[in-house]
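As structure tokens, one chain now follows by itself in the form predicted on its own.
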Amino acid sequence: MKAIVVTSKEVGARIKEINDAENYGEVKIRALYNGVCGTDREIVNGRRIGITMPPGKQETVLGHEALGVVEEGNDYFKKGDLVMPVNRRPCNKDINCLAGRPDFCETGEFVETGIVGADGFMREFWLDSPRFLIKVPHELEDIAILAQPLADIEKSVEEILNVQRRLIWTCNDGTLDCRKVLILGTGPIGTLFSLVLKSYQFDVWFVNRRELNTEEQTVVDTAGLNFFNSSRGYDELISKVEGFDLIIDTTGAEAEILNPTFRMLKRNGVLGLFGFPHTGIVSMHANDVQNFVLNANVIVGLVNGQKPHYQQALLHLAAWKTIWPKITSSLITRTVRIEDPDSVLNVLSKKEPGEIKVRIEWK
């Protein structure tokens, strides 16, 4: 079958025929779409640390975002059902993995399809276990590929809300309307974060060091977000907003971008780290450290959603099709077909201007 592979010795991806790939279970699935994300591009361009091939192999099938149709199923997953796979799989050694939460794996021996120790889903067919499959309504086929990155965000928001149960964080009317959020980065992940948090009725601020492009402006205007251009610093924003209850970095930019955030957090505020910086140093002045202690602030790393978060992501996507149809119809910015290898390899190597989500079509 045809697959998109990367090797341990070369930069770049190839489309090639493979004899087989890892067998994960008894449900046979034919690929319909793969999503392309920053992680895929980091792997293809040799910039992602921690990438490992499947045991005994020098290459791996790329891809951790997938939507497929069941060809051979079981009592629950019937032929013709749409399904998505969970990409992180447990080590089956520690309590969290045994409880179905490898996002909190304690051994670090989990596998992550297309990333760490296991073949991914950029191939025509794969076999999978019902344990790692989510049934997808046919009505969401057009945007369902977004559920994988969105699941990571659903888990992140869940984790933040759990952290904040240490205090009474709701407003005096029982909602979260009075809580202000600052999202660093207006790219695909920042966009999805903003929509999830707006769904919870947070007061959401978007920030970037440039003006918004057309697609981003549509999101801001339609969802009722706020935007600030930080190219000249944050003093104007701080004077206007007087601090944030939650700040989330989604940029993957140099680490120094975090330095101004320490003084923008309110008391009891949370700084969530989602982006992966590749250069730079985060530095906290002694006064920043003292304020962090005195203000009971929290820094939390945000990574990987599991099966319940995929299910929540699908519910949000269904709601957004009704609430924000203009936004949801624009979230898939481009589809390339596997029969057009030049376009496929091009979108795997670099991000396109205005891109939110690019997908590869197999059907």
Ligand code: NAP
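Just count from 1 along the sequence shown to find any residue number. Just so we're clear, the structure is a prediction, and the values are computed from it rather than from any experiment.
Here the subject shifts to the form predicted together with the ligand, a form of this protein not shown in this document.
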- [ ] Counting only non-hydrogen atoms, choose the one of 169-177, 279-287, 71-79, 251-259 that falls within 4.5 Å of the ligand in the predicted bound form.
- [x] 251-259
Open item on the list: Within 4.5 Å, heavy atoms only, which of I299, A296, L315, V303 is in contact with the ligand in the predicted bound form?
Closed with: V303
TODO: Just give me the single entry in G275, P90, G269, P85 that has a non-hydrogen atom within 4.5 angstroms of the ligand in the predicted bound form.
DONE: G275
Open item on the list: in the predicted bound form, does T328 come within 4.5 Å of the ligand, counting heavy atoms only?
Closed with: no
Open item on the list: Check E59 for me: does it contact the ligand in the predicted bound form (non-hydrogen atoms, 4.5 angstroms)?
Closed with: no
Task: Heavy atom of D152 within 4.5 Å of the ligand in the predicted bound form - done: yes
Open item on the list: Taking any heavy atom pair closer than or equal to 4.5 Å as contact, tell me whether P54 reaches the ligand in the predicted bound form.
Closed with: no
- [ ] Pull the contact list for 84-116: residues with a heavy atom within 4.5 Å of the ligand in the predicted bound form, in sequence order.
- [x] none
